[in-house]
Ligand code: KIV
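First, one chain by itself in structure tokens, the form predicted alone.
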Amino acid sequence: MSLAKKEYKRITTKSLVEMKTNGEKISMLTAYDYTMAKIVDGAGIDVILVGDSASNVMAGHETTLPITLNEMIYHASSVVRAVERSLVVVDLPFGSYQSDPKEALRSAIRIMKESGAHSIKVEGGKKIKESIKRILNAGIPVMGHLGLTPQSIYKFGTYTVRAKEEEEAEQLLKDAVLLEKLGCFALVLEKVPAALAEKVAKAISIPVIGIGAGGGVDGQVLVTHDMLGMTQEFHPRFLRRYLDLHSEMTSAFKNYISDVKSQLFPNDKEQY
């Protein structure tokens, strides 16, 4: 078990590199609103991802594609107002960076200026190289994302594990090396074989944070609503549920309804 080597009052991109160097695993969770972000940050999480998974979790869409740049800025702004320690990373949403490096830069600048976030995350490697370079040249920290990239779900046609075949695995490793060379400060690897993920983590000096990528990487990320058991439909192998909030919340709501209807709430002490 890894123990913290250093106390950080505020997590920065430099902090994450130090953690990797010192062998300290990096903890990362999602948040999309002020209340959840305040709890997650207060617990001591290292990185908060304002993910485009808000499209699924908060808005009920089937994929991450529908969420807009304006909506991401709204969620990010809410999170930033709550955070005192964590590094806040915000996903650039689908369509805001893939086709035009200038548009990518404009999108990244809007997120940084309007939300106060600390960095952005993009999906892909070589194909979006020019967009990444443009953003980095403006002084905006970039986290990469390889493996299963949900914004490309209609291209893949499935959420299955990526890079099981040698050719795709080799390209993923090349992309990881490229992202480091370009200047990305960290990398998320999603749903790739554990052996490949560990190989990538050892091949590059920037932190590799996994989701469904085994324990040989430098940190882990989960969607908070999934690990708390608030969502019920999602059952991937990599997900560990630390609570069953769905059941606990349902029970609380039913008790409230019962108390209201039976006139047990409010009682004499709960009124003016």
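Everything numeric in this text was worked out from a predicted model, so none of it was measured. When you see a residue number, it is the position in the sequence shown, counting from 1.
Although not depicted, the form predicted in complex with the ligand is the subject of the following passage.
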{"property": "Heavy atom distance at most 4.5 Å to the ligand in the predicted bound form, all of 49, 190 and 223", "result": "yes"}
{"property": "Partner proximity in the predicted bound form: residue 208 to the ligand, non-hydrogen atom cutoff 4.5 Å", "result": "no"}
{"property": "Residue 53 within 4.5 Å of the ligand in the predicted bound form, heavy atoms", "result": "yes"}
{"property": "Residue 145, heavy atom within 4.5 angstroms of the ligand in the predicted bound form", "result": "yes"}
{"property": "Partner proximity in the predicted bound form: residue 134 to the ligand, non-hydrogen atom cutoff 4.5 Å", "result": "no"}
{"property": "Candidate stretches 109 to 117, 182 to 190, 163 to 171, 76 to 84, one within 4.5 Å of the ligand in the predicted bound form by heavy atom", "result": "182 to 190"}
{"property": "Residues within 4.5 Å of the ligand in the predicted bound form, restricted to 102 to 124 and counted by heavy atom", "result": "121"}
